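Take a look at this one chain, the form predicted on its own, written out in structure tokens.
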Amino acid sequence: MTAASPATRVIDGREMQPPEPLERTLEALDTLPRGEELRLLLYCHPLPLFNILRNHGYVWQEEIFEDGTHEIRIRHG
């Protein structure tokens, strides 16, 4: 996994039960300043989140690691 930069917030949702990771992500996005990035860690591909991000102008990159972790890096578009 890549190291987080100082301007990156991290939500580790791998051990959370749905919908907690989605709720925490949406709360964090409400206060995410432009230029900062939100890093979300999950054990799934969050299609509902991607639809929300797309509809609200965010961009993201997803990387999947050998342990099954999906790392999603989100920022303003």
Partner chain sequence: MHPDLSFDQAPPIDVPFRFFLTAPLFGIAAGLLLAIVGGEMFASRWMPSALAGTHLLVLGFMLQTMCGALLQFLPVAAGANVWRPRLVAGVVHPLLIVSAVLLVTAFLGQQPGFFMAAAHGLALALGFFAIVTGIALLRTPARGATVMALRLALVALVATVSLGIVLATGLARGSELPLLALTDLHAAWGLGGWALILLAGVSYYVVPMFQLTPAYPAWLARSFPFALIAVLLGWSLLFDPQVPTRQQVAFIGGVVLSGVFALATLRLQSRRRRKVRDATFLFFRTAMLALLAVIVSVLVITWLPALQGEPRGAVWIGLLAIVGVFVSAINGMLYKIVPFLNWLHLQNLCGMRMMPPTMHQMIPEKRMLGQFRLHLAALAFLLAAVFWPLLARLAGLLFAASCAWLGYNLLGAVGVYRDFKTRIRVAA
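Computed from a predicted structure; not experimentally measured. Positions refer to the first chain, counted from 1.
This next part talks about the form predicted together with the partner chain, which is not shown.
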Using the partner position in the model of the complex, report whether residue 48 sits within 4.5 Å of the partner chain, counting heavy atoms only.
-> yes
Does the partner chain come within 4.5 Å of any heavy atom of residue 41 in the model of the complex?
-> no
Is residue 17 one of the residues lying within 4.5 Å of the partner chain in the model of the complex, judged by heavy atom distances?
-> yes
Determine whether any heavy atom of residue 63 comes within 4.5 Å of a heavy atom of the partner chain in the model of the complex, and answer yes or no.
-> no
In the model of the complex: members of 52-73 within 4.5 Å of the partner chain, any heavy atom = 52, 56, 58, 68, 70
